[in-house]
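Here we start with a single chain on its own, the form predicted alone, put down as structure tokens.
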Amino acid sequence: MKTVFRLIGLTLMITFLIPPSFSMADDEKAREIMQKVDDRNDGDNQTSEMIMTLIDKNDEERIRKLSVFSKDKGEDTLRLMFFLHPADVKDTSFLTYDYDDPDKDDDQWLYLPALKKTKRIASSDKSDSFMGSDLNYSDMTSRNLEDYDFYLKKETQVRGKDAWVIESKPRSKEIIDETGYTKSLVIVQKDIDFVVRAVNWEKTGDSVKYMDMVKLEQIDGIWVGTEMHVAKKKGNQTVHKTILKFNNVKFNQGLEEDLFTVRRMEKGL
């Protein structure tokens, strides 16, 4: 499923007392809706500038600036991110191969310039925080629909637009361990097949993530989320928040495939 530039696949337990279900039978209508979300045109050869604001429980802010590049390779998506600011993360880079094949694990690498070392992200580490944000590494790729059961719960409205509320349950413990989420609710805006809100319950059992796509823009005929808020809560208290803003979004930029290599990410911009 897609949001923003197909990077944040946030399908972010209504109660922790109910164990996750691993049944294969789900709601045909809900799956049909999620398939439309997954099939939505999200463009190709995209470049953008991202501002990531990290806000702690004391409202202290840290701001990071990044350049982002993505390119389709058949049904797969290649993505490269360079951190530009501040100095402590400058030249850090992150490369993702997001495979369409549900039987193939996505590949991810993180280059740490201070160590002059590239770390391959293992499946067991994909539920870890991405660079101190409220996103984890699994959020940086799209979800495979075959790994989930979907249930249409109700209809609602978000900012005056009709939407569906869909419950998403992982079909295996392996998916829970990899994503870090036991269950999700996603809200899909009907007219554009776009996930505009989501709630994810973390497997630790004591925290919940809330995602809100607060700004959508149509760029070159493609709907893009250009501002997203992700808040992590324990009870009623927000313990951390991440705000992502995307500027200067462009499609059809003629990016070459050799940009999306470990050697290139280590070289920097």
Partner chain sequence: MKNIRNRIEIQFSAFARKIYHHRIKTIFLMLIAIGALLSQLPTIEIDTSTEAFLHKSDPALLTYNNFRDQFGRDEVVIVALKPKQVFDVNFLKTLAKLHTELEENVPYIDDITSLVNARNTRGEGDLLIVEDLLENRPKTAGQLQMIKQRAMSNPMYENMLISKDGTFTTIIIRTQSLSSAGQKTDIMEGFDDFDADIQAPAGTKRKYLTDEENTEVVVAVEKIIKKYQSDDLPIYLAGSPAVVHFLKEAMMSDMQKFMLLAILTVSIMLYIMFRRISGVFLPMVIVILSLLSTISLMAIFGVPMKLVTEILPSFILAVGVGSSVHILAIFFHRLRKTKNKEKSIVFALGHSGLAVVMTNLTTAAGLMSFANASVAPVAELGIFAGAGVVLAFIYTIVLLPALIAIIPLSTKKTETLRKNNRIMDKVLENIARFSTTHPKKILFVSFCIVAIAFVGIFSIRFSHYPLKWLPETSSIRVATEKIDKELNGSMSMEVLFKTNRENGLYDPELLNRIETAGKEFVKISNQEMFIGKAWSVTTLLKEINQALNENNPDAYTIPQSKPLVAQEFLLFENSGSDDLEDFVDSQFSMARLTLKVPFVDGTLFDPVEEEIAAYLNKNFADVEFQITGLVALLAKTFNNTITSMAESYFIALVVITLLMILLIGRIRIGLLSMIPNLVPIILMLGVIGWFGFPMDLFTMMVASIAIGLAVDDTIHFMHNFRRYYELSGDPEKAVFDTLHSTGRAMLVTSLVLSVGFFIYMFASMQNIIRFGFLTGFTIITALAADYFISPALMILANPKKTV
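Residue numbers count along the first chain shown, from 1. Keep in mind that this is a model prediction, so the values were computed, not measured. Rigid core: the largest C-alpha set superposing within 1.5 Å between the two forms.
Another form, the form predicted in complex with its partner chain, is not on view; read the next lines as being about it.
- Taking the partner from elsewhere, V188 is found to have every heavy atom lying beyond 4.5 Å of its partner chain in the predicted complex.
- In the predicted complex, no heavy atom of D42 sits within 4.5 Å of its partner chain.
- Contact check for K233: a non-hydrogen atom falls within 4.5 Å of its partner chain in the predicted complex.
- With a 4.5 Å cutoff on heavy atoms, D56 counts as touching its partner chain in the predicted complex.
- Proximity to its partner chain in the predicted complex, taken as a non-hydrogen atom within 4.5 angstroms, holds for one residue of F194, Y137, Y181, Y148, which is Y137.
- Exactly one listed residue, out of K161, K119, R171, K73, brings a non-hydrogen atom to within 4.5 Å of its partner chain in the predicted complex: K119.
- Here the marked residues F130, V208 and Q237 all reach its partner chain in the predicted complex, each with a heavy atom within 4.5 angstroms.
- Core-superposed comparison between the shown form and the other one: the Cα of Q108 travels 2 Å or more.
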